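The chain below stands alone, shown as structure tokens; this is the form predicted alone.
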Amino acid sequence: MKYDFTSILDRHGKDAIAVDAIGSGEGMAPGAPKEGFDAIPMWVADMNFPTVPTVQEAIIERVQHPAFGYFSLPDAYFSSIIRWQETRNHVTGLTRECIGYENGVLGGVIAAVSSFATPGDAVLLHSPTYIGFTGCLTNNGFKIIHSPLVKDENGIWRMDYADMDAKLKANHIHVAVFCSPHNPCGRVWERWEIEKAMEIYKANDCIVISDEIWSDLTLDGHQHIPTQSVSEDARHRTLAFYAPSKTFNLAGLVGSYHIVYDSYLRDRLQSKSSKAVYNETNVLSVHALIGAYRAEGYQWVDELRQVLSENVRFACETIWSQFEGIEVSRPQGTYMLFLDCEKWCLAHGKTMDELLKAGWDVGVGWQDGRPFHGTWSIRVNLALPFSRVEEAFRRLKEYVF
């Protein structure tokens, strides 16, 4: 490979909560490991890989100019996004008018929900549910109605279309948040699945807010299908949100964008954003996106997907063959595992708190999955060098399972 995904990156003291918060007792941070074990960060959904060098090059080039006053988004920002979407997601007909900056995907989601619903209204989401959705929607006064995903006979997460339709009708819901690829389950939805979901949303006059921040990180040959691409109605019913942050490990720079083709939806979103939040970009995040979406970024992501696919393969095969009572559906995208630990806990008389702590004690900094609406679940980040993933699973085998 051209790029380095094997060196262990020391992030201590470099503004990374993934490592510096461990043992702090704050929020969902794992407890500190016992003496003799170093911490392996597998909880926060960022990567323990250096970003593509062109990101730093673009930022450094801009920083060399000593003025950082007010600015407009440059043409290169829009052309970079259009080219990326066309090349990676086979998007056609995207123009700069359909693209708009967002301070973050969650901020964009809230602005979009608030454009078409009022606090107190119900919003449909699938569960398990990304904790960020839960926090931002409930904090803004919206009522979340969950439509649980179900596993088929092959252990693959699927949407329950009858349940979706029934809950949209029963709760008079006209806004849904759709996650594609799905976090935390890792499903990369097939075209027919999205088509069927969009038919149900259409039948219930439901605006769709599609979080597609994980769209670049599909695994093992799976291909992301943009929600807006499955039909003409979907194109005009959907507000989609993307970002380079998850793909290139740029969350700390802040910077996402929306794609909205329908002028009415776009006007409502922009009106809400301009009144409710300070939705203005940082000049360095703009140049970070431009640097990420250079030619080198395309190759870097292709290599990253190979690394993540191998990490996921190893982790899942280890669980299936050696961790009796632990279940996992192999993710098709993202770099997160969502473990179901119910059978193991019941067989061994352990609580989820005890199981989590057993991992933390030996330095496996995994994340409690219960806030994601997984009653017996643990979420595990595999975006680390393979040697670290291998060591984490060795410790789990020897000391935990």
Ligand SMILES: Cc1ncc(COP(=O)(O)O)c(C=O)c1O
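All residue numbers are counted from 1 along the displayed sequence. Just so we're clear, the structure is a prediction, and the values are computed from it rather than from any experiment.
The next section is about a form of this same protein that is not shown, the form predicted in complex with this ligand.
Put simply, of 253, 73, 82, 106 only one has a heavy atom within 4.5 Å of this ligand in the model of the complex, and it is 106.
213 is the sole member of 176, 292, 112, 213 with a non-hydrogen atom lying within 4.5 angstroms of this ligand in the model of the complex. The stretch that touches this ligand in the model of the complex, counting heavy atoms within 4.5 Å, is 128 to 136, out of 142 to 150, 304 to 312, 220 to 228, 128 to 136. The closest non-hydrogen atom of residue 45 lies within 4.5 Å of this ligand in the model of the complex. In the model of the complex, this ligand lies farther than 4.5 Å from every heavy atom of residue 247. Residue contact with this ligand in the model of the complex: residue 183 places a heavy atom within 4.5 Å of it.
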